[in-house]
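In the block that follows, a single chain appears as structure tokens, in the form predicted alone.
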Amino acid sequence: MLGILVNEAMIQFDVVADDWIDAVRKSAKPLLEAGKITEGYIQAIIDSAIEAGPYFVIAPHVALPHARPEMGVKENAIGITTLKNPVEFGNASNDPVKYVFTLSAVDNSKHLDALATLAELLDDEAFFNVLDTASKPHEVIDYINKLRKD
């Protein structure tokens, strides 16, 4: 399922972010430009994190920014962003964040399906090596597609 949700246009490497809000905005930009989410969805992610804390920093160095579908999701998608310089999100256990996976899901069911698929990748150390060494988005897509075939 992940291969369906990610395309080359939604993968970015070595993005420079001033802080966690800038990282969220920049990581969501490809989804916004592709018409997968609204600007309001990005703001909903930021507002939720300000209110509830960095709930989406789910593993060491990994953030999965997302908000409720009704906050501005148009289509299911996952954006993949690596940060040039890791950023503090305010999660003592998992900061600093280097990998940002921006999720948009049209409903809670699709949301869980996408998260389950992504969780498999987040347990795969080789996936992070690909993210650290890839120079072109297709290298990440190729890796994801290879896993689907195995």
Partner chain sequence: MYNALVCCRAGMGSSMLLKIKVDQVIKEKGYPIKTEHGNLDSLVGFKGDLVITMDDLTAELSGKVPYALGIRNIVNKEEINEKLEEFLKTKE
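Residue numbers count along the first chain shown, from 1. As the structure is a computational prediction, the values presented were derived from the model and not from experiment.
Heads up, the form predicted in complex with its partner chain isn't pictured, but that's what we're talking about next.
Chemist: How about Lys36 - does it come within 4.5 Å of its partner chain in the model of the complex, if we only consider non-hydrogen atoms?
Modeler: No, Lys36 stays farther than 4.5 Å from its partner chain in the model of the complex.
Chemist: Although the partner isn't part of this model, could you tell me whether Pro30 comes within 4.5 Å of its partner chain in the model of the complex, counting any heavy atom of the residue?
Modeler: Output for Pro30 is no: heavy atoms all beyond 4.5 Å of its partner chain.
Chemist: Indicate whether its partner chain has at least one heavy atom within 4.5 Å of a heavy atom of Arg68 in the model of the complex.
Modeler: Yes, Arg68 is a contact residue.
Chemist: Although the partner isn't part of this model, could you tell me whether Pro60 comes within 4.5 Å of its partner chain in the model of the complex, counting any heavy atom of the residue?
Modeler: The answer is yes: Pro60 has a heavy atom within 4.5 Å of its partner chain.
Chemist: Look at the candidate spot formed by Asp107, Ala119 and Asp123 and say whether its partner chain comes within 4.5 Å of a heavy atom in all three of them in the model of the complex.
Modeler: Checked in the model of the complex: all three residues contact its partner chain.
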